[in-house]
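The chain below stands alone and is given in structure tokens; this is the form predicted on its own.
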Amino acid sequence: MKVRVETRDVGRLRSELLAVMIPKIDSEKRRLANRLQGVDRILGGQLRQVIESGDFRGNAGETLLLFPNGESETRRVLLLGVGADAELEAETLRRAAGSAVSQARSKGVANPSLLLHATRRLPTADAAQACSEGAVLASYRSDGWKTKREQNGDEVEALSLLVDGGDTRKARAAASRGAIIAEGQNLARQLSNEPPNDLTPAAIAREAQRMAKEVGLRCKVMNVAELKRRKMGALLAVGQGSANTPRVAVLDYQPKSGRRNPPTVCVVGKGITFDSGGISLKPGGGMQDMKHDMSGAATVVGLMRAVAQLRPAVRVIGVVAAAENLPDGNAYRPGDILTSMSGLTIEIQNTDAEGRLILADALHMVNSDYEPDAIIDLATLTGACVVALGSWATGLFSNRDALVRSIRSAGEHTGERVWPMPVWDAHRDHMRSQIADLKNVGGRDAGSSTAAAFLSRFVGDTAWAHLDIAGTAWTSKAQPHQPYGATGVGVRLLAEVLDGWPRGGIS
């Protein structure tokens, strides 16, 4: 879906649907803002009436559909409440823009218009980016496998974003940026929503290659022979119980700036395309959602698509570490001892703690091959993180305070919030095995911290952040800009982190 920024007078607008963002109405004054006079004329005074009567209050999430009287060339006006200006957040605008697109689709409107609302707290460019993101995110649908797809009207082709102030050039650039990021997030959603019989490790590697060719990235895919040559014993063990063999795809973005030796940031995604738990079999209830256990890898693919178009001033290496965890006669077992690529040995106490094993080899690989300034990994790693943070925030574990600050700030700006969690020496000590260097589980207590402590053993002294997205990678609660299923979490977050990467680096 395209997003266009325009400055046309709403009074002369020809549109099947005009959506108007309206802030919370003062309950005492109930006055019509000057910027809405043109909309009121289109409606023949109806807007003033519903505001003065209190029938529309401008509360966040409130909507009201009105129909102009007379000779207006605008057929419908959708009022979208966005709440008090003093509390306005970008996420509120994303949801409002998503509502506009959803309403347009349900009415069969292919080219709706949206009158932007900006404030000092959220100026025109920021508001334009948020609305563009929300609109494009709302254009994604997760019901593509139905033989008779539910049709709620036609698909929305383009949104005209109407601005009445601020720097239009900056607003256009911001809206374009928002669309690029949201398209990357939609790709991540689509990959995560794919059924596991279609999206095998080899298939997600092919998708990474296809995307790389589309946007001009370099991509290398490692098959089993290459993984064996590189002695990635932990990753190979996880996948040996499946007929669908593991893959690792490496995506490489090189900035074309005049800066010599730009910082290198490696982003690694857990790609368990289906997780049965292996020999340590999971309970049957909810196991169908384990197709989303590759959400970290999906985010890497979507992020790299956005990176190729946004062109940040840092080199970005995206890694998809993919395997399928199934039980058969070749599956790895509790009690096995694996030798990782780093040389560290790992005692297997539970085969359902497999994500940390494939990440162990992937993290060591990027640290050795690229000597990066920082490594960030994303993984649906632990149920413990869901217990701790629910679906409201991603768990953040890191060995650098500056990296924590950067990611937290980006989370607040993008609406993909994170919360810092501890990785202490006590957690690392707890992951020592009595018969090998490490064990792959640490018990129920502090499960997400001990899992992160395990990973920390494979990054050395390199700046590193681990994002546990187990609670944020998919949802059963639909929002205007978020359908049931995968969320693509992390694309907006890390696009913001990479764009604002400090010139002095992360120390």
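Just so it is clear, the structure is predicted and the values come from calculations on it, not from any experiment. Numbering starts at 1 and runs along the sequence shown.
As for the form predicted in complex with a small molecule, it is not shown, yet the points below apply to it.
None of the heavy atoms of residue 305 is located within 4.5 Å of the small molecule in the model of the complex. Among residues of the shown chain, residue 117 is not one whose heavy atoms approach the small molecule to within 4.5 Å in the model of the complex. Although the partner is absent here, residue 382 lies within 4.5 Å of the small molecule in the model of the complex, judged by heavy atoms.
A residue is said to contact a partner when one of its heavy atoms sits within 4.5 Å of a partner heavy atom; residue 350 meets this definition for the small molecule in the model of the complex. Stretch-level contact analysis of 275-283, 314-322, 90-98, 207-215 against the small molecule in the model of the complex, using heavy atoms and a 4.5 Å limit, identifies 275-283. Among 133, 416, 361, 354, the residue placing a heavy atom within 4.5 Å of the small molecule in the model of the complex is 354. Every member of the trio 270, 386 and 470 reaches the small molecule in the model of the complex with some non-hydrogen atom inside 4.5 Å.
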